[in-house]
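Okay, here we've got a single chain as structure tokens, the form predicted alone, with questions on binding and movement later.
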């Protein structure tokens, strides 16, 4: 076995920082913050950023809120640059393949970009309408990109007779809220028992359903949209639901969850698939047999990594903080010696504004099986709730009570007991835990934006492909 003197290894790292080649695939929030962190870490080598969209990296949360309301133009959401990058930007061209033997990223225009270190930050895209012909009708939208938001905002500004939103996750619910603020009639069709149940469970879903109906949303739960019909000009006009009803609609938004952009990695031998790209807590990618790679890193929505707080189950986190901090940790570890590398173990956190309520959460709620209202008043839409599993607090959610989120985050981080200790202020009247009512993960419903992707021991669908010699 070859060993290297510590001084020699340090010299190699110094040389790599000066002359190495790093490629980031994904001109995203994670990709941009990783690039900035690389320069902050002293990397002065060649830096290439590849993105399939023509725009520079932009902020996505405003797209379903301020942009749809018409407060901010879709092309005004470009992320601020925290420093000069001196990077070779390859925008408007998609990566189509990865050759790990020659260390090259293959592009749609035929170019091949060599690398010494690679960061995969290709994120997700919207799940399209299941019928391509129906999805091509004028007035049928998805919402993921700035272009999507611009087109949908224009359609809403034209005052359609009725908007149909298919899917009541966070994005679908936020869009429904915007429609009501704009005075538009809106129907929400959700095949689960209520809004947000994949992310927050049925107890909170009941509250979210009440909020929607109180604000005039025609919420249809336990139903799916089976078909869309258009007029002679190719504009959507009707939707047929699984309960036999038909709706007259002018705008349809498919909010059906996301697809992780891993197709370009087919054949590369990485642990990439439906749930993203598997990696360790230091953001290093696994190969298809679970062997950690030395030169390939993963960050953002596409990263699938084990988390110590959740029994080392693999998590995918479609959250803003995860993209920022994951990109920074990946960048640090790409240019650091092993003793100096650090883990990316975020405590997931999110926020959503809808129907006049600021919803904030921390932890992984779908990991839980129980919930308890700990503070405030559900009736007043101002409360906090904690989630538990096997006697341990694992998540919390607040409605207009976000100042307490740090308190619950600290409980989760130290594996505090569940039910949690009574808070010192604004205690709820009844602190009896009840079932959280999360849907069966195999159910065909909207996927939450924090997903436990650990393997079910009863699942026999895995395929073993030994490495060729």
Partner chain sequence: MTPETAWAEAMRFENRPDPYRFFDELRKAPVARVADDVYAVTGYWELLALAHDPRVSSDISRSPVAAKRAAAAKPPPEAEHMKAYGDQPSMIVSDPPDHDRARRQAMRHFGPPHTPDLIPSMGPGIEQLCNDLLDKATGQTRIDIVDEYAYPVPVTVICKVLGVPREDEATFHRWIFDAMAGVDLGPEAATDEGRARAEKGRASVAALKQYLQGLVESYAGKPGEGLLSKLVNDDSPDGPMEPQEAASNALLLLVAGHDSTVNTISHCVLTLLRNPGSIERLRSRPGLIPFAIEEVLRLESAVQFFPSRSATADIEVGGTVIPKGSAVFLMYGAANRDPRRFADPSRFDPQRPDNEHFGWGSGIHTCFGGPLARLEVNLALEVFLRRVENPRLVVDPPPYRRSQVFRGPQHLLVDYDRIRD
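Worth saying up front: this structure is predicted, and the values here are computed from it rather than measured. Residue numbers count along the first chain shown, from 1.
The form predicted in complex with its partner chain is left out here; the points below concern that form.
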Seminar exercise, completed: Among 417, 435, 424, 42, just one has a heavy atom within 4.5 Å of its partner chain in the predicted complex, namely 424
Exercise. Among 261, 77, 187, 375, which has at least one heavy atom within 4.5 Å of its partner chain in the predicted complex?
Worked result: 375
Seminar exercise, completed: Among 64 to 72, 399 to 407, 43 to 51, 25 to 33, the stretch whose residues bring a heavy atom within 4.5 Å of its partner chain in the predicted complex is 399 to 407
Exercise. Looking in the predicted complex, any heavy atom of residue 382 within 4.5 Å of its partner chain?
Worked result: yes
